[in-house]
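Okay, so here's just one chain, in structure tokens, the form predicted alone.
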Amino acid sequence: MSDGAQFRQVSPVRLYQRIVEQIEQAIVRGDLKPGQRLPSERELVTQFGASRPTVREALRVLESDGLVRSRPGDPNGPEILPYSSAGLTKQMTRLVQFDNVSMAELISFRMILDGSASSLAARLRSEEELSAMERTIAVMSEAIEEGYEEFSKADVAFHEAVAVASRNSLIEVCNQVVRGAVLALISDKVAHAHNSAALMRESLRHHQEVLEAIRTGDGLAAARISRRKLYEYYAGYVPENERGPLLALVEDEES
């Protein structure tokens, strides 16, 4: 027997996983596009040569992953959905809730992403993109009187506008995911805080400062302000003995 080759034990793959893989690959190749329909369940059973329960399990997994949507009583096959970061946000939130990722790690990652997005936006943004940021700031200001839910929507729109201006689609996606996970974990606390309006006004000032740095094209200042303001806003949700990585990001920008 040769001593050169080393093999690993193989793991059985369930049939429904093979069906999921084929449909996923068809979506990636562009053979299936958002809005199109998969064949009916009966037709899928015939095409895959699998049982109805197996096909149903594959469709359940695809729907859970946000790739398809089935409507009760609809005789047509499931609809292919456009890409959404919602599934990633849910997984990121679960990682924190199950203690696989700490809140400190999540917020420090957001500080890194926001700082990078703001820095790039200051250098690369167009006048149209700057105007989009200014509009979201105006909406944030008006939304303080309406309540946290409306304010949060405008807040999200501002960060999305900054991420778009960064010219980096991965920053856009990661920002959506991490920001969504953070908000999912603390938004209820902010909304019901006795000083909720004061927190929103403080957040608005932070965003205005970042916007001004982006407007003047000062990428270093935009990144520094973004990270510092996120630290000031979110540090209170992190145990004091875990704030080291967050503080290091702020101190690094100031050195």
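The structure presented is a predicted model; accordingly, all values stated were derived computationally and were not measured. We call the rigid core whatever largest set of C-alpha positions still superposes within 1.5 Å between the two forms. Each residue number is its position in the shown sequence, starting from 1.
As for the form predicted in complex with a further copy of the same chain, it is not shown, yet the points below apply to it.
Novice: With the distance limit set at 4.5 angstroms and only heavy atoms considered, check whether Arg60, Ser169 and Pro245 all reach a further copy of the same chain in the predicted bound form.
Specialist: All three within 4.5 Å in the predicted bound form.
Novice: Is there any non-hydrogen atom of Arg18 lying within 4.5 Å of a further copy of the same chain in the predicted bound form?
Specialist: Because no heavy atom of Arg18 falls inside 4.5 Å of a further copy of the same chain in the predicted bound form, the answer is no.
Novice: Looking in the predicted bound form, any heavy atom of Gly147 within 4.5 Å of a further copy of the same chain?
Specialist: Flag for Gly147 set to no.
Novice: Classify Glu128 as contacting or not contacting a further copy of the same chain in the predicted bound form by the rule of any non-hydrogen atom within 4.5 angstroms, answering yes or no.
Specialist: Looking in the predicted bound form, residue contacts with a further copy of the same chain do not include Glu128, since no heavy atom lies within 4.5 Å.
Novice: Within 4.5 Å, heavy atoms only: does Ser64 come near a further copy of the same chain in the predicted bound form?
Specialist: Heavy-atom contact with a further copy of the same chain at 4.5 Å: present for Ser64.
Novice: Ok, Leu183, Ile137, Ala157, Leu120: which has a heavy atom sitting within 4.5 Å of a further copy of the same chain in the predicted bound form?
Specialist: If I apply the 4.5 Å criterion carefully, the residue I get is Leu120.
Novice: For 104-119: residues with a non-hydrogen atom within 4.5 angstroms of a further copy of the same chain in the predicted bound form?
Specialist: Sequence-ordered list: Glu105, Leu106, Ser108, Phe109, Ile112, Leu113, Ser116, Ser119.
Novice: Given a superposition on the rigid core, I'd like a yes or no on whether Asp99 shifts its C-alpha by 2 Å or more between the shown form and the other one.
Specialist: After core superposition, the displacement of the Asp99 C-alpha between the shown form and the other one reaches the 2 Å mark, so yes.
Novice: Given a change of 3 Å or more, say if the Cα atoms of Asp99 and Glu240 sit closer or farther in the predicted bound form than in this form.
Specialist: Result: farther.
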